[in-house]
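Just one chain follows, in the form predicted alone, and it is written as structure tokens.
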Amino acid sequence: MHFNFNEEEEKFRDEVRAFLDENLPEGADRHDPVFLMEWNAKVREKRWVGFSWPKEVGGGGGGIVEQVILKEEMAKRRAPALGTCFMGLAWVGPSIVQYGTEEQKERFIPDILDGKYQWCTGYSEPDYGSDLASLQCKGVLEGDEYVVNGQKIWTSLAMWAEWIILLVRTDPKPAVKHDGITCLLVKMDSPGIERRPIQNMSGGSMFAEVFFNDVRVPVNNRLGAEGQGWQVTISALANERSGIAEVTGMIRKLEELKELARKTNKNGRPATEDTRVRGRIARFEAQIEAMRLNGMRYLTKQLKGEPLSSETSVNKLHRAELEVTMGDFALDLLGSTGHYRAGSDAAVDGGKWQTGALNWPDVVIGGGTPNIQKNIIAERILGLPKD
């Protein structure tokens, strides 16, 4: 396991810090559209969008360690995201790079890097949730098109996405349920697609139901071979779960919680003087450090050329639990003011703590529920009997 970075890697860290000093000064308005447009153009010019993707497809050709450093430094400075197509960059693009045809790479990768279109992910279904291998949405090959019928649910950003990476069952009776699944790239304005928003507890509609009624998808929009969808998906989700830079985001969130504790009172004294508050913060510190060390283990495996698979579920589960407990802790600190939401003058920090606490399903469910992660850990890591 590696804990230190070499001289060249530290030089790259200095380069990133210098870029941030020049382009992200203190007080920069991270929500200003003009600033964001200029920021995106600069990071794209540096080839830091798609940093680790091959240069042949327009990526930066960077190494895994440098990518971690880049994301760490960006997270520490609360920099805007690297690129504007979150799902496209997180796992659609990497999947196309790994499994796509040359035509698909030329067609999709530049637009993902430029943030031209938004993508969503058609994995979860009613009655099956995160049990992806049990999906029932069907794709039947007719000539040079697949005809898709079925439904997806809890599809993040579906109301705004222009494209969806979609899993369909092309073999209705496979020997094992993980076989016979195919991955398709589908335009969301295709005839036969209907989107219905799902309102969450905070009043937002990040998720949606998506219905497919005789939707026709060209065969050349199939990603990977027919029946290879499970492998494409597992590779994509592992890519989502492997980054230790996420840990930096949790560290930043904990620092914000500490700041909240410093400016709130508990029993007439600063909350930071309360032993129970201090104990909970210490526990968060320990859990985040455990995530960081796990992330370093994953990084070491990647550097050795070893594939990541089931073990990344450990950090996914850790993060889900932390998001919920840290959100609850923030509301405990706020006491009676915790009832005020964004838009109220009485809401602390613009109501972000209430919104964060109510939006926990976005993070906890996304990429697989905690129960699914526990099953993966139990069956594939601990060798326990199947659920």
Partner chain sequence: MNFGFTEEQELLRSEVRKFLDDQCPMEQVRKIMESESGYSAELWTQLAELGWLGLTIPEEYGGAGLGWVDLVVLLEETGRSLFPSPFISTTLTAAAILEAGNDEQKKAWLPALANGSAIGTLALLEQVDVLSADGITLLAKTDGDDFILTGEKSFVNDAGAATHFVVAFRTGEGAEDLGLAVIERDAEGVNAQSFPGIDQTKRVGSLSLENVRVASDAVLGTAGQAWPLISRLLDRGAIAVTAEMVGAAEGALYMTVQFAKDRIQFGDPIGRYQGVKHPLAEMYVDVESFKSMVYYAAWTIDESPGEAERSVSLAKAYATDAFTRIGIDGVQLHGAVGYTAEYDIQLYLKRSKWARPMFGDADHHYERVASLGGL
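Numbering follows the first chain given and starts at 1. These figures come from a predicted structure and were not determined experimentally.
Here the subject shifts to the form predicted in complex with the partner chain, a form of this protein not shown in this document.
**Student:** Which residue, Ile234, Ala225, Val140, Ala290, has a heavy atom that falls within 4.5 Å of the partner chain in the model of the complex?
**Tutor:** Spelling it out, the residue with a heavy atom inside the cut-off is Ala290.
**Student:** Looking at Thr84, Thr248, Gln151, Thr272 here, can you tell me which has any non-hydrogen atom within 4.5 angstroms of the partner chain in the model of the complex?
**Tutor:** Looking at Thr84, Thr248, Gln151, Thr272 one by one, just Thr272 meets the 4.5 Å heavy-atom criterion.
**Student:** Can you tell me if Ile377 lies within 4.5 angstroms of the partner chain in the model of the complex, counting non-hydrogen atoms only?
**Tutor:** Answer yes; at least one heavy atom of Ile377 falls within 4.5 Å of the partner chain in the model of the complex.
**Student:** Is there a non-hydrogen atom of Arg297 within 4.5 angstroms of a non-hydrogen atom of the partner chain in the model of the complex?
**Tutor:** Yes, Arg297 sits close enough to the partner chain in the model of the complex that at least one of its heavy atoms falls within 4.5 Å.
**Student:** Does any part of Leu317 reach within 4.5 Å of the partner chain in the model of the complex? Heavy atoms only, please.
**Tutor:** Contact with the partner chain, yes.
**Student:** Under a 4.5 Å heavy atom criterion, is Met201 part of the interface with the partner chain in the model of the complex?
**Tutor:** Looking in the model of the complex, residue contacts with the partner chain do not include Met201, since no heavy atom lies within 4.5 Å.
**Student:** In the model of the complex, which of 216-224, 280-288, 117-125, 180-188 comes within 4.5 Å of the partner chain (heavy atoms)?
**Tutor:** That would be 280-288.
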